[in-house]
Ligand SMILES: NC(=O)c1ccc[n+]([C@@H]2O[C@H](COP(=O)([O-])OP(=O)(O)OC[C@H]3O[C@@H](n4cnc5c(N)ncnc54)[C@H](OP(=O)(O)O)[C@@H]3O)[C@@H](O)[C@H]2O)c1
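Only one chain comes next, encoded as structure tokens, the form predicted on its own.
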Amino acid sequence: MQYVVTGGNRGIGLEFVDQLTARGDDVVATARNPSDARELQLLADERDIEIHSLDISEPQSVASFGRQLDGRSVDVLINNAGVLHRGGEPHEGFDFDEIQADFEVNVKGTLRVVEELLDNVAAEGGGKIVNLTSKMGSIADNGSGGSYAYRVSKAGLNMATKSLALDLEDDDIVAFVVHPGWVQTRMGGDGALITTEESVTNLIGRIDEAGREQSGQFLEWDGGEIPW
């Protein structure tokens, strides 16, 4: 199986690359600055991993990445690259630069990659597009408020993915979002509940088993669905 993993240089993305290559899958991993991605480079010294430079917020970078994969099939596209800002709050003022930054990467950046690699995913009669989201993008689950930048961007990604699932159905492409849990990464922090290994092991299982019935769903890392 051929996978593309964006943001494969650390955290959840790096764990995806590690586990997928360990079981024998072919992986194209991306990083904004591959030369600085020490852990990914060390892993590539041990395994056959193709590493590309990609900044999903930059259209030219996405287009260049697409040209490098031109004509190649992709079975599973894992859009893992993302950012997290809080975006201020109503009493002290919103930080619209942070809100824009999260939307630029988490929504527009992801859609840029999808658009650029759509023919690759469709090449073998249909593949899977897996967008990493967060439970913080669930409107029904929001019981604490705040985090305007991150919540709004992930809710936007969720809606975009639902539309992709509908619009790409005739191409036999399955598209869905997954919540990886609160994971011990630089983004998740030391107080997070689960390790990257535990999260990704479960996520790979969910991705493997996903079919048409999962297209357009909001899947929990350890089973079940999350309300929109």
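All values reported here derive from a predicted model rather than from experimental measurement. Numbers follow the displayed sequence, beginning with 1.
A second form of this protein, the form predicted in complex with the named molecule, is not displayed here; the remarks below concern that form.
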- Query: Can all three of V130, F176 and A210 be found with a heavy atom no more than 4.5 Å from the named molecule in the model of the complex?
  - Reply: no
| message | I'd like to check something about L111: if you look in the model of the complex, is any of its heavy atoms closer than or equal to 4.5 Å to a heavy atom of the named molecule? | response | no
Requested in this report: Give a yes or no for V183: in the model of the complex, does one of its heavy atoms lie within 4.5 Å of a heavy atom belonging to the named molecule?
Outcome: yes
Does the 4.5 Å heavy atom contact test between D55 and the named molecule in the model of the complex come out positive?
yes
Worksheet item: Would G82 show up as a contact with the named molecule in the model of the complex if we use heavy atoms at 4.5 Å?
Response: yes
With a 4.5 Å heavy atom cut-off to the named molecule in the model of the complex, the contacting stretch among 147 to 155, 87 to 95, 69 to 77, 114 to 122 is 147 to 155
